[in-house]
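What follows is one chain in structure tokens, specifically the form predicted alone.
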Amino acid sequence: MIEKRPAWSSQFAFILAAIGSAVGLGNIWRFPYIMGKNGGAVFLFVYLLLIFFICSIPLLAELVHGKYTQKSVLDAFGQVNSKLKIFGWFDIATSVMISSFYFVVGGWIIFYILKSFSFSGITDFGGYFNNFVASPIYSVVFTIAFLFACIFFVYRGVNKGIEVANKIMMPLFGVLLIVLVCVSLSLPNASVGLEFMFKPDFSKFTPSMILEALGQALFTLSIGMGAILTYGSYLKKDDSILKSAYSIIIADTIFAILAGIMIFPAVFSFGMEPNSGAGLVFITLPKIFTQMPFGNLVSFGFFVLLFFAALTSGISIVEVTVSAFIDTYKMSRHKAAIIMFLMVALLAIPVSLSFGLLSSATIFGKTLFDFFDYITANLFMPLNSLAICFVVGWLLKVANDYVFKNRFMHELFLFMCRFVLPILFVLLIVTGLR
């Protein structure tokens, strides 16, 4: 039986779900190490300017397109012009490719939750992590476990699945994050970490930092993969797009800053490097946890926190394709969810093996994991963001009062969509693909 198109039970439920989509590994895993390698506070300053004054525009555009058409990605673009449906397919391709590596990391998190209480006997966390990710059995089993968790909530539907997941997990996420922030701030030399985060040294500023901050802002807000458009399509007629957009941005930014406050004081307290890259979460932090009082408990809490963040974002990524298949091909939600499970599994399993059995399988000199991470962040997400700005800026023809209820702000929004954002996205693509 084909379900009636759902709607959020309230605007608060939507905002919570959209925050869940935005607040993910981009905040807890990616943001701290990107900030660490870009000089700390000066990067944060650039990032805040971009996320509030630039990245709010494509976020608004996705919400406008979704709410205005009340369609998922394929039909939302197709309703404007049938030839534009190709942009919807780009969104689907992006969401599936992101799933292929994002869900592998989700599997790592589950493994680290289970192993948190046995970290005290480990001396070489780099070797421990490398041995784990190279194991074909562990890699595949935990990747599929995380995929199953995401599909479970999507299978149950918008209200009984996605809403329930976010209503439970996002408050728990917030509580855990605040507890871990308090633990980190109680460490010796915590003030050095705070100074690194909040005292900018503008001599460290570089032009490339702008594009890196822009790419991070797009990633963390889930822009350019169809998730916000899809969630926006479930909004009711009277729900405010502007309120929704800035609630998402403010909450996402607060969580990212709190993640930094949780991580950097701990890093500096134990003499670690803040620019230790993607290994910060799975190598550097576990080493720190073993040196802290009640470190195993702190480690367990941290990886549970990370799991909640990854799961709520993973759910939104999966929903992009599931919703599109329901709308366009008139499938039941259950059938669409099962098809998505199989699609992602077929791609994610080889990606999970790219640190072991398939480490020699490369595309343009990159492992499967690195290739899908690279191609989505540097090409597909900026390209999809460019498409949504083009469609909303030039073709959708929404009324002046649809978002801002102010003609000047509406014209400024269209100007940004038509001229400013396209230039930035093209620069992001050209710079990222060099």
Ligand code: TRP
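Remember, it's a predicted structure, so these values are computed and weren't measured experimentally. The term rigid core refers to the maximal set of C-alpha atoms that superpose within 1.5 Å between the two forms. Quick note: we count residues from 1 along the sequence shown, nothing fancier.
The same protein also exists as the form predicted in complex with ligand TRP; that form is not shown, yet it is the one meant from here on.
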Would you check, heavy atoms only and a 4.5 Å threshold, whether residue 22 touches ligand TRP in the predicted complex?
yes
Even though the partner isn't displayed, in the predicted complex is residue 55 close enough to ligand TRP, meaning a heavy atom within 4.5 Å?
no
Does any heavy atom of residue 229 come within 4.5 Å of a heavy atom of ligand TRP in the predicted complex?
no
Would residue 60 count as a contact of ligand TRP in the predicted complex, using a 4.5 angstroms cut-off between non-hydrogen atoms?
no
Verify the flagged residues 27, 219 and 313 against ligand TRP in the predicted complex: is each one within 4.5 Å by a non-hydrogen atom?
yes
Report the stretch among 332 to 340, 219 to 227, 294 to 302, 204 to 212 that approaches ligand TRP in the predicted complex to within 4.5 Å, counting heavy atoms only.
219 to 227
Between 98, 344, 197, 133, only one gets a heavy atom within 4.5 angstroms of ligand TRP in the predicted complex; which residue is that?
98
Answer option from 51, 392, 381, 35, heavy atom within 4.5 Å of ligand TRP in the predicted complex
381
Threshold 2 Å Cα movement between the shown form and the other one at residue 66, rigid core reference
no
